[in-house]
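One chain comes next, on its own, written out as structure tokens in the form predicted alone.
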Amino acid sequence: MKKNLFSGIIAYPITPFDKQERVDIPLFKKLLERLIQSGSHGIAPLGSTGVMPYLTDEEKEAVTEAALQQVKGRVPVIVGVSNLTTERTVYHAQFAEKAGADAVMIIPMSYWKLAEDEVFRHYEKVASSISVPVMAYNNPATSGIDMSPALLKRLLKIPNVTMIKESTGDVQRMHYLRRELGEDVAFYNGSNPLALAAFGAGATGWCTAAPNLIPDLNHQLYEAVQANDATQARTVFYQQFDLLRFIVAKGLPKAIQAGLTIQGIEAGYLRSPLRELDAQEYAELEHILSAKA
């Protein structure tokens, strides 16, 4: 079992598409390289930002391989491998490990509401099929399943489930996790508007799509936290707060795609049913980004 390699700013790349809504791997690699060059401490392909549920198995494999080829070991990579069934999640977890991923991230996806025992057995079976660490990802807004702190604590009894990503937007839960799990367990913030509060609660890192647009501010926040400079941390957090709220409210894939386009960076197209921001939303994002320039 590898020790925890992830701390700081873990960046989520978008998965760009061409006009025919085919995954654009060359463009994906270019956008991924921007995240590395801007100083991201880790890369997390195939998350919500990368529209993982909208991809076929073959496309997920292509994105996984492209990410690892582009990163070339410069920073750790955690690959999203979630699927509706345990069998497919095992398949993608094993594929990611063989491709060279440092860890995998799993959110419990389901059409039916799962009992806690079902969620636990799902993680247990996937984790036992691989040897790399697993991040348990709790985001009821996208999965429809809210894993209780008690369940998250139980999941950590599985030997290679070593990380928790908390995205409920409840800072009290983050404090509870730190108190209950202790200093040895790595937990990560996945709620962008709570970045400052999450670091205050003891988060090891921030999993975010924001470095696609404002990497300097993201890293300045982490550096201020590391330096115990509360004044600077608040200052740089409030400078990015409007953007963080916007990208969450409008949807990460389309907000990031639009933001890159506004900044003059080729970002490809979206896959249906997602549609680009409307004119008013686009203008609002332009205004927010112009204030950051």
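All of these numbers come straight from a predicted model, not from anything done at the bench. Counting begins at 1, following the sequence as shown.
What comes next is about the form predicted together with a further copy of the same chain, which does not appear here.
Residues with any non-hydrogen atom within 4.5 angstroms of a further copy of the same chain in the predicted bound form fall in just one of 211 to 219, 69 to 77, 90 to 98, 172 to 180: 172 to 180. Within 4.5 Å of some heavy atom of a further copy of the same chain in the predicted bound form lies at least one heavy atom of Arg234. Proximity of Val51 to a further copy of the same chain in the predicted bound form falls within the 4.5 Å heavy atom cutoff. Although the partner is absent here, Ala141 is a contact residue: one of its heavy atoms lies within 4.5 angstroms of a further copy of the same chain in the predicted bound form.
At a distance threshold of 4.5 angstroms between non-hydrogen atoms, Arg271 is in contact with a further copy of the same chain in the predicted bound form. When a further copy of the same chain is considered in the predicted bound form, only one residue from Ala267, Leu252, Ile262, Leu32 comes within 4.5 Å through any heavy atom, namely Leu252. The contact residue chosen from Thr86, Asn160, Ser129, Ser148 relative to a further copy of the same chain in the predicted bound form is Thr86, the criterion being a non-hydrogen atom within 4.5 angstroms. Heavy atoms closer than or equal to 4.5 Å to a further copy of the same chain in the predicted bound form belong, across 181 to 201, to the residues Ser191, Pro193, Leu194, Leu196, Ala197, Phe199, Gly200, Ala201, ordered by sequence position.
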